[in-house]
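Heads up, the chain below is alone and in the form predicted alone; it's given as structure tokens.
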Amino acid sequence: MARHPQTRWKRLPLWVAMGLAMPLLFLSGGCELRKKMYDQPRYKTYAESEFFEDGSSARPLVEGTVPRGFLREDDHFYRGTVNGEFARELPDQIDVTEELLLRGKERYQIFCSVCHDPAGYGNGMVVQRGFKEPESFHTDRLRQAANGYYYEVISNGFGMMAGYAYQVKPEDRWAIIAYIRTLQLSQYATWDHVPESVRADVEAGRL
């Protein structure tokens, strides 16, 4: 005759019964702990607090905190300055190559030509539709301006122009500056500026 399950349970040794019961106790305790962690007192973002002197529960970043990868100690490359003055030369990281100028031309046509026009005279499409005309890149002032000045304006804007720090990365800002210099040179170039290797093509009308 088969014994009832309860009969078998009651006949188990005490240590066996405790061994089976302990995991259940831990599981129930763990659920309770997780519930307490979920329901613990907390502040919503920017909620008021009487604990801190400024009355805000949100804590400001520690002074001098910099996101990882954004230290940017090189003032020349990242701010266009050398010893606190606008840099006249391009940074050492920037090599003026055909690839760089083509990149600068592409970025210029996307971000700059709508106001400054493709040749840099300040008669872009939005200007033709009523926007304030920017200064031509071919004025004496801007032809003589330091490269760092251009970097500052591209980064932070000037007058009606908004800054492009979030749209144009630093290396592309320098590429644009290098391309602007080619535009300026193109309007004041003499025959002596033309390389001998291409003079024949120019004279023949092929360029």
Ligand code: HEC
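What you are looking at is a predicted structure, and each value in this text was computed from that prediction instead of being measured. Note that residue numbering follows the sequence shown and begins at 1.
A second form of this protein, the form predicted together with the named molecule, is not displayed here; the remarks below concern that form.
The three marked residues, L100, L185 and P195, fail to reach the named molecule in the predicted complex, with no heavy atom of any inside 4.5 Å. Only one segment in the set 65 to 73, 173 to 181, 52 to 60, 39 to 47 has residues whose heavy atoms sit within 4.5 Å of the named molecule in the predicted complex; it is 173 to 181. Heavy atoms of F137 reach within 4.5 Å of the named molecule in the predicted complex, making it an interface residue. The named molecule in the predicted complex comes within 4.5 Å of no heavy atom belonging to A119. Within this chain, V114 lines the site of the named molecule in the predicted complex, having a heavy atom no more than 4.5 Å away.
Contact annotation for F131: at least one heavy atom lies within 4.5 Å of the named molecule in the predicted complex. Along 143 to 171, a non-hydrogen atom within 4.5 Å of the named molecule in the predicted complex is carried by Y149, Y150, V153, I154, F158, G159, M160, M161, Y164, in order along the sequence.
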